[in-house]
Each structure stands twice: as structure tokens, then as C-alpha cells.
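Single chain ahead, by itself, as C-alpha cells, in the form predicted on its own.
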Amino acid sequence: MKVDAPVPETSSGIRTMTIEAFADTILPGAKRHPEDRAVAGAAPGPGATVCGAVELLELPGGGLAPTLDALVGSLNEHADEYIATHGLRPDRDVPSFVALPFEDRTALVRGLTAPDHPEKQLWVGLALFSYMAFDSAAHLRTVDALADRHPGLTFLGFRQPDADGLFRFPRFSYGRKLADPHPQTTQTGSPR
């Protein structure tokens, strides 16, 4: 199975830093280092950023990669408006969204993903991909992610595969069998 190569970044780290800050707003985690501006450090443990949100979003197969530069530009424009509207002091050392304190990032994203916001679908899509980096490592082969101790899968206690690399579940996840298979189900689990 061929994995698509990431789309190269076209601007000087602004895109990466802004996407990291957005992903951290969706699923916050601990700072990666004391000077980390993109990750606010609003929660202990791994967040979407350290779990590979940027890498996942940059894969062409996900469909958002060609729009990332435009989304980052729009997000920073929304952050500029938010800063002006709320009387905050701009910080030009980092992209506008990154400069926002975590509580303000959260408020802005809440507005962008609100049911009546005209751009809601774009921001919800970005949020979903951010979360998928954490809870499924969708940009990696699961076996490889587990072998490399992917922070999100490890944090969630994702079950390791059997010695042959296959996942089998000898016990029912609910502690009991929920239903009998349909009588026409094949050995592979497909209906006839």
C-alpha cells in the first residue's frame, strides 16, 4: 500500500505553527518544550499536535492538504478580527491565532464551528482530522504506530496486535456477546 507524500509547506513555518495551535485547541496537550508557543499546555499528556495532526492534514489523500494555506490565512484573519474586537494586544512574533491565549483560541474556534457560522464545515473538518491524529493515528499504519509508541494510542491504551501483527479480539468488548451472526454470514464476516 503506497502512502501519499506530504504536501510541502509553502510559507516559513506559519502554516505549521498555526495548524499546531488549532489542533492543540481541539485536543490540548502538554507543551513540548518551555518556549512552545503553538501548544498552550492547557492539559497534561499528549494532545493532537504531538500525535501528528500536521502530518495527517498534509497528506493529499485526506482532501484538506490543498486548502491548508488558505485555511491558515483565514484562521489568522479571524484571529486578527478577534484581537481587534476584544481589545487584545497583538503579538507579531507569531501568527495571530498562535498569539491568542488558550481561552481566546477556544472561544474563536467555538464561534467558527457554531451551527450558524458560514464556514463551519471547513473548521469542523480541520477539527476532525486533528482529533483523528490522536485517537487513531490515521496517518500511520496502526502496527507501526503502536510499535513506535504513538502518544495518543498509548495514552488510550490501544491494544497491541498479536505476534503475527494481526488484531484479534478473543473477548467481547462489552463483556458479553451482543447478538448471534446472521445465518447467511460467511466465514469472513460478509453477508451472502
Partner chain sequence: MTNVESTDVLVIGSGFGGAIPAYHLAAGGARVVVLERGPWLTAKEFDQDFLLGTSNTRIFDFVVGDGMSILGGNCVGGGSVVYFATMPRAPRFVFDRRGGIGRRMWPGSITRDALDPWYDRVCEALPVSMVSWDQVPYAGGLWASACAHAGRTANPVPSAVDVGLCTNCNWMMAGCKFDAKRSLLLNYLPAALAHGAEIRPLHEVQRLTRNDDGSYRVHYRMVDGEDYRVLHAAGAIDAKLVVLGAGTGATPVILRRSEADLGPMPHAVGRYFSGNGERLNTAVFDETRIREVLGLDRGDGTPYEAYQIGRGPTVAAWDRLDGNLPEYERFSLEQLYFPPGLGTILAQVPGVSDGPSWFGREKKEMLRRWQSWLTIFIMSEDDNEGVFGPPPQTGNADRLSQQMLGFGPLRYRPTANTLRGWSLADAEIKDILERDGLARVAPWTNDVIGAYTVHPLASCRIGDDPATSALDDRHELRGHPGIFVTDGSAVPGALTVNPALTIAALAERAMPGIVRAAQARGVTVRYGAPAPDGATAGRRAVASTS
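Predicted, not measured: the structure shown is a model, and the values here were computed from it. Numbering follows the first chain given and starts at 1.
There is also a form predicted in complex with its partner chain; it is not shown, and the following applies to it.
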My question is simply whether residue 147 lines the interface with its partner chain in the predicted bound form - judged by any non-hydrogen atom within 4.5 Å. no
Since only the chain is shown here, I'm wondering whether residue 74 would be in contact with its partner chain in the predicted bound form (any heavy atom pair within 4.5 Å). no
Looking in the predicted bound form, any heavy atom of residue 109 within 4.5 Å of its partner chain? yes
Hey, in the predicted bound form, is residue 166 touching its partner chain, heavy atoms inside 4.5 Å? yes
For the stretch 95-128, I need every residue with any heavy atom inside 4.5 Å of its partner chain in the predicted bound form, listed N to C. 102, 103, 106, 109, 110, 113, 115, 120, 121, 124, 127, 128
